[in-house]
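Before any questions on how it binds or moves, here is one chain, the form predicted on its own, in structure tokens.
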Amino acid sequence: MKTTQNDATDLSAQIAKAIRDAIIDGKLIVDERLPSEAELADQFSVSRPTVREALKRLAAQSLIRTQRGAFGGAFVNRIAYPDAYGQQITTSTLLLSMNDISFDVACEARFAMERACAPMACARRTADHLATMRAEIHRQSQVGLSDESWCASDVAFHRALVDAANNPVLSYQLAGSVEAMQPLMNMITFTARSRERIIDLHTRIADSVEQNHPDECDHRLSELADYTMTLAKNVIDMRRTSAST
């Protein structure tokens, strides 16, 4: 593990990256104890507070864990997929907000990935997945539900559909797709959408998952994607017209 001494570079970030790279490359394996703070300070020729800051960075990324006692120290962590969801969501949100990605591109990607989950969701869904989907449909039907609560319920419904595929890698990959892109879509289309139309589509999707009809599920997801993109186009066109008058 090496760093480049550079006054303009945050040394703690360099050290954290060096340790992270060693973990990714397999030079440090799961449950292996890292050298002590004093040993790392000598190795990188920095102060112990700098090492401590680097370890805090790694712990924040769930790459290491610390434990006290005679046999304590910092250890390479085994990352669970749910622990990494937050980072995936944050990264996806930043990519959407900081780059010139059109609504159509984001919507196409988001629904294409979800449709890929449909056959597995139909075959592998559990009673809990179905109960969550039905509960969110019921919640969406409540009179007076705020747009913010509607958005949260919409995300929870689609997250349950994705999780029903019972594939942790897909759930991880789609965490950002559903929880970053879905709120963006709702934010743009909420003034024009018909809640009744979406509730009907959600109900048909849940029915197809329960009855193990993947083609029907795919069809309804495609219909929902088309409806969402049409709404967005109408809203964006109206905004452009208003801005030009």
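Each residue number is its position in the shown sequence, starting from 1. Since the structure is predicted, the reported quantities are computational estimates derived from the model, not experimental observations. Rigid core (definition): largest C-alpha set, two forms, superposition within 1.5 Å.
This protein has a second form, the form predicted together with another copy of the chain, left out of what is shown; the following refers to that one.
S.K.: So in the predicted bound form, does residue 177 come within 4.5 Å of another copy of the chain, heavy atom to heavy atom?
M.R.: So residue 177 counts as contacting another copy of the chain.
S.K.: Can you tell me whether residue 140 touches another copy of the chain? I mean in the predicted bound form, with a 4.5 angstroms heavy atom cut-off.
M.R.: Taking the distances in the predicted bound form, the answer for residue 140 is no, it never comes within 4.5 Å of another copy of the chain.
S.K.: Although the partner isn't part of this model, could you tell me whether residue 59 comes within 4.5 Å of another copy of the chain in the predicted bound form, counting any heavy atom of the residue?
M.R.: Yes, contact at 4.5 Å.
S.K.: Contact between residue 188 and another copy of the chain in the predicted bound form at 4.5 Å, heavy atoms?
M.R.: Because no heavy atom of residue 188 falls inside 4.5 Å of another copy of the chain in the predicted bound form, the answer is no.
S.K.: Just to confirm, with a 4.5 Å cut-off on non-hydrogen atoms, which of 151, 145, 84, 135 contacts another copy of the chain in the predicted bound form?
M.R.: None of the other options qualify; the answer is 84.
S.K.: Work out which of 52, 195, 33, 219 lies within 4.5 Å of another copy of the chain in the predicted bound form, going by heavy atoms.
M.R.: By the 4.5 Å heavy-atom cutoff, the listed residue in contact is 52.
S.K.: Looking at 195 to 203, 59 to 67, 208 to 216, 39 to 47, which lies within 4.5 angstroms of another copy of the chain in the predicted bound form, counting heavy atoms?
M.R.: Among the candidates, contact is made by 59 to 67.
S.K.: Residue by residue through 147 to 170, tell me which have a non-hydrogen atom within 4.5 angstroms of another copy of the chain in the predicted bound form.
M.R.: Heavy-atom contacts to another copy of the chain in the predicted bound form: 167, 168, 169, 170.
S.K.: Quick one: once the rigid core is lined up, does residue 77 have its C-alpha move by 2 Å or more between this form and the one not shown?
M.R.: Superposed on the core, residue 77 moves its C-alpha 2 Å or more between this form and the one not shown.
S.K.: For a quick test of reading the superposition: does residue 64 move by 2 Å or more at the CA between this form and the one not shown, rigid core aligned?
M.R.: Yes; that C-alpha moves by at least 2 Å between this form and the one not shown.
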